[in-house]
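Given as structure tokens, the chain that follows is alone and in the form predicted on its own.
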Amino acid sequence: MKTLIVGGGGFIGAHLLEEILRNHRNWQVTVIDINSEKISHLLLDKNVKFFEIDIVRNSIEDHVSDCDVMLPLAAIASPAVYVTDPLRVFELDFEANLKIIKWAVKYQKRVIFPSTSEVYGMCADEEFLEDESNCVTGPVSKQRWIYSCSKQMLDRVIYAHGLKNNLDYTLFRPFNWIGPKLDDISNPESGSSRVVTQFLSNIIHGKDIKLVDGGNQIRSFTDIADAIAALIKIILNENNCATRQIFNIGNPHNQTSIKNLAQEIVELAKKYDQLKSLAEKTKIIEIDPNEYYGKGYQDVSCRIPSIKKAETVLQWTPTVSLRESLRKIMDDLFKKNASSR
């Protein structure tokens, strides 16, 4: 199988590539990204071809035409950037990916596209259902919704191509996937990374952990190993079970408030020699969202998936607890730090 991973040097792509090279040696993988730091150790493998290409400014049509299945994973997924640079988000997350979808239609290639849990927006359902829940966003002045709208519009375009042009696609919606290689903890700037990495970075740099609106938001966290297992099942697509389907990929058993998450990370950090004294000094404070993100931000109180469809259709169930996932992240980070000294 010729597999094309666009944005393959990122968090999801790096873990997916590792799994393919470990257990699917008959797959040929082409990886496109502007950064190969997370996957540099994998690029010597004979089954991998890497191309450093900026998909916003350059065509990858030839690569699309040559693959069997592709995963366009390149996207900006940082809430701070949604507010500070929404046009950059739109340019990559929508415009560049729309070109890829059009090429997939032209060459009749299978597409496995990363939607997002954010497409549900401020939906009031207790759990989000892929084919039933509404997609509800805020006013135009709240620029954070440009990410959600960009992804939602691509979902609709892909779905329409499936009906009109027989496009073979699967949409998957990640719910807070976490694990090693998530983000760079060396950047101490608030809002520079996703929540788990941000809290760890705060501890390491001796900064307070800041909870927007008190950290009462409920989120569902999913270990990357569980998530990749679901992606592999989607790629394999046995009996075409995933064709023209939408799947939530999350772990509702790992739901917690952001405040509880912060407390859990601080307590767990105290068990590491490199972090113990720093964690003991770390304060958890509340902050106004406008002060943290800017006036274009708006948050969602609860975001929990239904995964019944993935469990039934894909025969997939997540197994890794939140605490175990956090421990894996810290083990990875501080083993590296220790070996580099």
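Keep in mind the model is a prediction, meaning the values are calculated, not measured. Residue positions are given as counts along the sequence shown, with the first one as 1.
Absent from the display: the form predicted in complex with a small molecule. The rest refers to it.
Counting only non-hydrogen atoms, choose the one of 103 to 111, 173 to 181, 159 to 167, 240 to 248 that falls within 4.5 Å of the small molecule in the predicted complex. Flagged stretch: 173 to 181.
Though only this chain appears here, would residue 77 touch the small molecule in the predicted complex if you measure heavy atom gaps against 4.5 Å? Within the cut-off, so yes.
Please tell me whether any heavy atom belonging to residue 63 falls inside 4.5 Å of a heavy atom of the small molecule, as the geometry stands in the predicted complex. Result no; residue 63 lies far from the small molecule in the predicted complex.
I'd like to check something about residue 292: if you look in the predicted complex, is any of its heavy atoms closer than or equal to 4.5 Å to a heavy atom of the small molecule? So residue 292 counts as contacting the small molecule.
Does the small molecule come within 4.5 Å of any heavy atom of residue 118 in the predicted complex? Residue-level check for residue 118: yes, a contact with the small molecule.
Considering the small molecule in the predicted complex, which of 68, 299, 311, 45 comes within 4.5 Å of it through any heavy atom? So the residue touching the small molecule in the predicted complex, by this definition, is 299.
Since exactly one of 230, 83, 185, 212 fits, which has a heavy atom within 4.5 Å of the small molecule in the predicted complex? The option sitting close enough to the partner is 212.
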